[in-house]
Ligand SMILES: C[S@@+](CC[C@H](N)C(=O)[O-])C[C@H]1O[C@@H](n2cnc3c(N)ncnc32)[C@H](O)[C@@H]1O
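Shown here is one chain on its own, the form predicted on its own, set out as structure tokens.
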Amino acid sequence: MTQNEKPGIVTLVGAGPGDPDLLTVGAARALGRADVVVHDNLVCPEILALTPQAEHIDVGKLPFGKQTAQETINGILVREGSLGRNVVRLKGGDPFIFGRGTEEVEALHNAGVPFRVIAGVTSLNGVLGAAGVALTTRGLKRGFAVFSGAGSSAAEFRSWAAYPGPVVVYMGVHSAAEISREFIAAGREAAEPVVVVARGGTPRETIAETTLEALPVLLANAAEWTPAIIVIGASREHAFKARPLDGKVAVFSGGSLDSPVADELRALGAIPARGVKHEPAHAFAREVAAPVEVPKQ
């Protein structure tokens, strides 16, 4: 970079948990100005479609699958920003909640590349709220704990179990058996309710309710439930489960998913989708998620 050249700006943007409705106004504005979008594999196609003017670089990480080293991602951001390009680093959820945003910001700072952060909606509120899981309830639940199940030890699981309220587990599918065992050993009830939301905010969302003791059985085939968020000590609200189309997918043969008809179906509990084959992992979820065909509008 010569003395007259200026670096571009790298913007770390939270894309939300999957549903394009949860993208913030600031995020949409940043995407509209981007020359380059460096994105995770969890970012939905509808959001990427907002950036036809930009070069897309996929740096996604799949659990036990394709991986892009964090150092490689940091290098791409520094390189593109140093070339004077307007870069959006598009991350699922929020950059600073299990998103490695701190590592990327440090790399940019050390390289002298200007950066900013636009927060995103996380699965903690975006997915669980839409699924009808209330983490706080006046007079009943005054707070909650959140931790990552990836790389945690048995002692850490027991320490989280001591929290006197709902406990939310990110990246805990592959540790389900150990989580169940250690939480029960720490004094949590075996029959305590658990909610699992897999692929939240997408047309392939699956919601299942189980117990702490039965959690390992539900998640026995981990690949079918990844990514997922697990809530120990909470149940879905009755008002959500009572909606007539709860858990069903409304398959549109044409028309817009951003329409009054689609909103009416959402209010009845359905998930609007366009020609997406919905295959929930759990047998109960498969039963209630039979598709509802919506004719072309």
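None of the values given here were measured: they were computed from a predicted structure. In this text, residue numbers run from 1 along the sequence as written.
What comes next is about the form predicted together with the named molecule, which does not appear here.
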{"item": "Contact test in the model of the complex: residue 232 vs the named molecule, heavy atoms, 4.5 Å", "value": "no"}
{"item": "Any non-hydrogen atom of residue 228 within 4.5 angstroms of the named molecule in the model of the complex", "value": "yes"}
{"item": "Touches the named molecule in the model of the complex: residue 57 (any heavy atom, 4.5 Å)", "value": "no"}
{"item": "Residue 170 within 4.5 Å of the named molecule in the model of the complex, heavy atoms", "value": "yes"}
{"item": "Listed residue (85, 181, 188, 199) with a non-hydrogen atom within 4.5 angstroms of the named molecule in the model of the complex", "value": "199"}
{"item": "Answer option from 98, 160, 144, 115, heavy atom within 4.5 Å of the named molecule in the model of the complex", "value": "98"}
{"item": "Segment assignment from 215 to 223, 98 to 106, 133 to 141, 152 to 160: heavy atom within 4.5 Å of the named molecule in the model of the complex", "value": "98 to 106"}
{"item": "Partner contacts in the model of the complex for 175 to 190 (non-hydrogen atom within 4.5 angstroms of the named molecule)", "value": "none"}
